[in-house]
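First comes one chain, alone, set out as structure tokens in the form predicted on its own.
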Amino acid sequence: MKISCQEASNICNKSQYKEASFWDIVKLRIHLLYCKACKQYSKKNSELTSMCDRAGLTMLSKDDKERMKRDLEKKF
């Protein structure tokens, strides 16, 4: 059940986008009980998510990303 700090940060990031499974979140919470560095990272990540939500930021759609990629490739 013990996970590495790398795996904890990956789960933390997935959790930010609501992509973490229930068991991933359980493993993360257990890890955060004994790892101060990851606990701080998780706290900062939560604050960032909260600020983005309050600012009303949205992500580009896949089509918009592909269009932007093609436009950049044309320029370079």
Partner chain sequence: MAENELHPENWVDLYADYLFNYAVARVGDADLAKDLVQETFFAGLNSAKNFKGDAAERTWLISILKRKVIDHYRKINSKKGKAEVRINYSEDSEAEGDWLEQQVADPFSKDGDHIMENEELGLAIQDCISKLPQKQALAFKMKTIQGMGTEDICNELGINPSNLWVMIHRARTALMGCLNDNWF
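Numbering follows the first chain given and starts at 1. Remember, predicted model here, so these are calculated numbers, not experimental data. Between two forms, the rigid core is defined as the largest C-alpha subset superposing within 1.5 Å.
Same protein, other form: the form predicted together with the partner chain, not shown, and the subject of what follows.
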| item | value |
| --- | --- |
| Trp23, heavy atom within 4.5 angstroms of the partner chain in the predicted bound form | no |
| Exercise: Lys2 in contact with the partner chain in the predicted bound form, heavy atom 4.5 Å | no |
| Proximity of Leu33 to the partner chain in the predicted bound form, heavy atoms at 4.5 Å | no |
| The partner chain contact at Arg29 in the predicted bound form, heavy atom, 4.5 Å | no |
| Interface residues of 19-48 toward the partner chain, as seen in the predicted bound form [heavy atoms, 4.5 Å] | Glu19, Tyr41, Lys44, Asn45, Glu47, Leu48 |
| Did Met68 shift 2 Å or more between the shown form and the other one, C-alpha, core superposed | yes |
| Rigid core superposition, Leu57 Cα moves 2 angstroms or more between the shown form and the other one | yes |
